[in-house]
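Quick setup: one chain, the form predicted alone, written in structure tokens, and binding and motion questions come after.
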């Protein structure tokens, strides 16, 4: 199937068809092979990507900036402090901010795509505000907008996760994939697990979401995951026992996330102390070799990184033979190159 994604925004995987996502994966595998063989693949010669980071980054910034360079273009790194901070209507501050509608239209006259990363403190942990800002850029921009992670979705990470699992396991039908909460002493967004359950149910896996009570994902995401499972022939269930969830798993993806019960709009302002108190009750939700032994003998361990070693996972697991976290990190580069090539008109 020939797909045309030129000019399309990439905000969540749910907004692209499975055929479109498969086309991206096919190109990502091809670009990975070319990169390994040092075969030039300058599909975006002379194109410019603006990368607006409200949050710090290692993998996301470097994989996007390296990727656009390898495709023949340039990536320009922006932060709210380096420009007049983009603001929603009604939140402007004179001579310190600039309305998003203006920023988006100006950058559209200069470049070929805008990528944005925003969640957590920059949006006062108000769930959904980061996603709203990304979509406000998309509304006003005449060039594609790529979501580099907001407080609802992390679609590029999900595509790298999927690519990695396909490399090791082939098709996902009949495979048990466990997306599990893991302990951390810090508060993290829900975008990664939400995008993970959506992408794996989209490709027919039998997905188990495991977490302690009080750390539920957003109900809308759960309904979408259930709908995906019904449509694509897999299954989706929720477990409140990490050990039980790991039984017979082909893939485990344990990472920490915060509780939406302690974030606006559920509460007037974020209650980090309350969240940490809740999470501290579940320090036993750590991926150890003993837990991994409950899974299949050829199980693979995923993590988006950075991982809190000694809290989320033990060293012998993340550095052990079942860990594919560095393949997963590398695949961020390849899937993002494929996404950029498609939406920026390189294919």
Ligand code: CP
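Residue numbers count along the first chain shown, from 1. Owing to the predicted nature of the structure, the values given are computational and were not obtained by experimental measurement.
Another form, the form predicted together with the named molecule, is not on view; read the next lines as being about it.
- Mapping the unseen interface onto this chain, residue 59 counts among the residues with a heavy atom inside 4.5 Å of the named molecule in the predicted complex.
- In the predicted complex, the named molecule lies farther than 4.5 Å from every heavy atom of residue 211.
- Interface membership of residue 154, defined by any non-hydrogen atom within 4.5 Å of the named molecule in the predicted complex, is confirmed.
- Not displayed here, the named molecule is approached by residue 149 to within 4.5 Å at the level of heavy atoms in the predicted complex.
- Taken together, the three residues 117, 305 and 332 all come within 4.5 Å of the named molecule in the predicted complex, as judged by their closest heavy atom.
- Between 308 to 316, 292 to 300, 35 to 43, 49 to 57, the stretch whose residues reach within 4.5 angstroms of the named molecule in the predicted complex through a non-hydrogen atom is 49 to 57.
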